[in-house]
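Encoded as structure tokens, the following chain is the form predicted on its own, with no partner shown.
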Amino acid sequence: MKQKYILRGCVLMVLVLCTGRLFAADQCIACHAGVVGDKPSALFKHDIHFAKRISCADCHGGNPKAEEMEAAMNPKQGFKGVPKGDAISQVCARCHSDSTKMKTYGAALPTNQWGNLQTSAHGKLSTTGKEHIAQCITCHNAHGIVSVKNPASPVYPLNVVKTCSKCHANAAFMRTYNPSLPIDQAEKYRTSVHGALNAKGDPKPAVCSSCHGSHDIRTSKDAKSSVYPVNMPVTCSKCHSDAQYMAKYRIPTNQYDKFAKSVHGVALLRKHDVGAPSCNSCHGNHGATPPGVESVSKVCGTCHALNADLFSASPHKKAFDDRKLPECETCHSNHEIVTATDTLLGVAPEAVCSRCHQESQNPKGYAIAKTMRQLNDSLALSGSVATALVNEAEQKGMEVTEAKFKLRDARQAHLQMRTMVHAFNEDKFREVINKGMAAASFAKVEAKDAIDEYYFRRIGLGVSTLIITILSIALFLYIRRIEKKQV
């Protein structure tokens, strides 16, 4: 036990001696440390640069060995004083953009931060037009800079929201740059699952930099931004697809894989349709939270408004509420939503209706579901036959414009039928089906008439050709006979 305390004492003595030497060698520190209330020197003693034996003069210039203030701060000795504007970040970049220098200090930090900052949203010109919006010290402080892994750092996960909100929650400040940007992101964040855990001291849940990046932050409309709609699922999956990282939270880590195969994921990730929903479309962004049972349909209803209205007025609304079932999710799932097909309707084993409605259980619903599927199949068959006839007539060169228009009406009725399913009302459903059937029947009659006319024309042409041929032969023979008589 004594050896342990002796070892600790030796280490402490070495640190004191090293600090004393640094103070003795650097008159800037020695002088400023003697001034009562000198905040920069007090902070600098806890600075990572102080620990790396980097002196004040390395940033401010001057002669750190001169005892006289005039000599130490002589511009001829390279004294620059307090850097202003972009000169601040340029001073930082002298080391932080030089990989060789960084290695001499034993640092493995990336050396592209200044370059990233210049091309970022914060790299735009400030209102003065003479400097970038943000400098290195805006987020990291000027003196007292510590590692991002140090809980005292302004960019440590538990502090970064407060650091970002210094500007982003300041209405007057933000109005000068982009009045359209909200200033309540920090407040919303505190209401989210991420924010609640962060407030409890958990540094793992997402903070501003987790989603937006750090030095290379771009606007959400920039295709290179980590929060651009097409990139958002990958950004979320950095944490949510990491089983080891998410283990303590006991939630699934296969959401991204499911979403990528869904109708929404295919539209967003493969077809690059930025109008398709992403993770934050349903869960929110700064106020991210899992949609509750009652809110699922509200989330889906922001896009699928008519479907949501029909369901709300349907008999299933009360049944789902009584059983505390999520509305849209119960039939369509959540992350792995597939394209709605006719197989979802009816009483077959693969139909969603059959999950609750059986012939021996809920027979009324079972009968309606069966009837709706039969009506749907009748329209699909009628439309298929009509389409084949119209295509055949068109290939034969017949005019079928009116039939094609009616065929479009039949297809539209089929789409409307898929929406009307959510009303779970046989009469309303049958009304839509009847309109589609009428349109398909009209198209079939028109197409058949066109095909019949085509064959009538062909027969007429054949008969006409035969008559003309006979007359031609007869005329030829008659002319030959006359010629023979003349001879």
Partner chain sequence: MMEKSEAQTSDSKRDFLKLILGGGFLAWIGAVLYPIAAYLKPPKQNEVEVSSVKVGLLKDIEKDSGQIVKFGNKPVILVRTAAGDVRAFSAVCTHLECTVTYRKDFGMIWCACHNGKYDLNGRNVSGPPPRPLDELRVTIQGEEVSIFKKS
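C-alpha atoms forming the largest set that superposes within 1.5 Å between two forms make up the rigid core. Residue numbers count along the first chain shown, from 1. These numbers were taken from a predicted model, which means no experiment stands behind them.
In what follows, reference is made to the form predicted in complex with the partner chain, a form of this protein that is not presented.
**Q** Can you pick the stretch from 340-348, 104-112, 75-83, 394-402 whose heavy atoms fall within 4.5 Å of the partner chain in the predicted complex?
**A** Heavy-atom contact with the partner occurs in 394-402.
**Q** The partner chain in the predicted complex: within 4.5 Å of a heavy atom of each of Ala42, Lys162 and Cys356?
**A** No, none of Ala42, Lys162 and Cys356 comes within 4.5 Å of the partner chain in the predicted complex.
**Q** Find out whether any non-hydrogen atom of Leu415 is located within 4.5 angstroms of the partner chain in the predicted complex, and reply yes or no.
**A** Yes - in the predicted complex, heavy atoms of Leu415 and the partner chain come within 4.5 Å of each other.
**Q** Just checking whether Asn434 would be counted as a contact of the partner chain in the predicted complex - the rule being heavy atoms within 4.5 angstroms.
**A** Taking the distances in the predicted complex, the answer for Asn434 is no, it never comes within 4.5 Å of the partner chain.
**Q** Just checking whether Lys271 would be counted as a contact of the partner chain in the predicted complex - the rule being heavy atoms within 4.5 angstroms.
**A** Answer no; every heavy atom of Lys271 is more than 4.5 Å from the partner chain in the predicted complex.
**Q** Would you please decide whether Ser441 lies within 4.5 angstroms of the partner chain in the predicted complex, comparing each non-hydrogen atom pair?
**A** The answer is no: Ser441 has no heavy atom within 4.5 Å of the partner chain.
**Q** Would you give me the residues of 44-67 that have any heavy atom within 4.5 Å of the partner chain in the predicted complex, in order from first to last?
**A** Nothing in this stretch is in contact.
**Q** Please check if Asp273 moves between the shown form and the other one, taking a CA shift of 2 Å or more relative to the superposed core as movement.
**A** The answer is no, as the C-alpha of Asp273 shifts between the shown form and the other one by less than 2 Å after core alignment.
**Q** Do you see a C-alpha shift of 2 Å or more at His46 between the shown form and the other one, with the core held fixed?
**A** It does not, since the His46 C-alpha is displaced less than 2 Å between the shown form and the other one after the core fit.
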